[in-house]
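Encoded as structure tokens, the following chain is the form predicted on its own, with no partner shown.
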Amino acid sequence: MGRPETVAPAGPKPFAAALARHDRTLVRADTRVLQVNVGLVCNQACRHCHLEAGPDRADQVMDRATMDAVIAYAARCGFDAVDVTGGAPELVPDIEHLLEGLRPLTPRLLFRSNLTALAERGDGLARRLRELGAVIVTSFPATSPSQIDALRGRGTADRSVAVLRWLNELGYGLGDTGLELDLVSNPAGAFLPPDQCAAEQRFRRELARRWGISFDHLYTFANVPLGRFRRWLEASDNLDGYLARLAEAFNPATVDGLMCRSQATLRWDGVLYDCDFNLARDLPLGGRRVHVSDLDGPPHAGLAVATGDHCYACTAGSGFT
């Protein structure tokens, strides 16, 4: 079990009220994507982490028996994509076993890396990801090394750049190799991300100019007010203002495309959630804890998605779609 999330009462009206005001509901559609959070161990302790992952969370990782149950579940359901995340999945024992078991069962296998953990594993895991044709999705929050270090720790920028260049050498992110490398950028503070298209153009230009790095796509997401980021907001007296900013940017047009409608998330102990953010809040899918081994198929369409003030981050601007 993860650390309990304390949610302060201050802030905008409940998210459910925002949905009702715009005559919208948030219910599940067909579940096409399975996200697998393999645990909270990480070699970093990023300020914006909604899960409070870090080096001290090695006791909360997926064991091999649960991995086998996840593989069996994916075989039963035939998901369009499986997204392996953490923490730092690279640091989870037997992670190759999970990846190799999942790869034949889905057309698209995604692996979320923080880059520096991938470097710690040496080149064996990266080369195995290449052999499996896995998409690598990685956090690279800014083009400024000082901003990256402020979010993720001193020296992170230089190490992350080195790993991106290494991935390019392996064929990732070059556009014509079929090896997809995607970046995710989060703001450095209590404000909303820039326009995604403009940011992608700027990142593409700056990474090529500074370091000769290429990639396929950039996604810009608002920081979710949970976990370590929420505690930073509280300590810096930014929580109320940030929640208000998210609520003011609520875009009802994002609701139909939200990831929680077409994706389900499995926690490292095999319990099912609507999304990784509800996992952080410990709000299990359907309001009850169900283990992956007891699931006959994907969640049923029409089930209500559990919500909280963190959902405003997913519906601000272009949203988490």
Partner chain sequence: MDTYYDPADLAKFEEIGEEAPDLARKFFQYYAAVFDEGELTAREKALIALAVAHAVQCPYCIDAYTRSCLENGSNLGEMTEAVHVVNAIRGGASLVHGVQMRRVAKKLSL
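Small disclaimer: the values here were computed from a predicted structure and weren't measured. Residue numbers count along the first chain shown, from 1.
Not on display, but discussed next: the form predicted together with the partner chain.
A.B. asks: Looking at 104-112, 188-196, 150-158, 126-134, which stretch has residues with any non-hydrogen atom within 4.5 Å of the partner chain in the predicted bound form?
C.D. replies: Stretch with heavy atoms near the partner: 188-196.
A.B. asks: Taking N43, R121 and H217 together, does each of them reach the partner chain in the predicted bound form with some heavy atom inside 4.5 Å?
C.D. replies: The answer is no; none of N43, R121 and H217 reaches the partner chain.
A.B. asks: Is S144 near the partner chain? Define near as a heavy atom within 4.5 Å, in the predicted bound form.
C.D. replies: Yes, S144 sits close enough to the partner chain in the predicted bound form that at least one of its heavy atoms falls within 4.5 Å.
A.B. asks: Please check if R202 has a heavy atom lying within 4.5 Å of any heavy atom of the partner chain in the predicted bound form.
C.D. replies: Result yes; R202 sits at the interface with the partner chain in the predicted bound form.
A.B. asks: So, R76 and the partner chain: in the predicted bound form, are they within 4.5 Å at any heavy atom pair?
C.D. replies: Answer no; every heavy atom of R76 is more than 4.5 Å from the partner chain in the predicted bound form.
A.B. asks: Look up in the predicted bound form whether R165 has a non-hydrogen atom within 4.5 angstroms of the partner chain, and give yes or no.
C.D. replies: Outside the cut-off, so no.
A.B. asks: What are the residues of 245-273, in order along the chain, with a heavy atom within 4.5 Å of the partner chain in the predicted bound form?
C.D. replies: Only a single residue, R245, comes within 4.5 Å of the partner.
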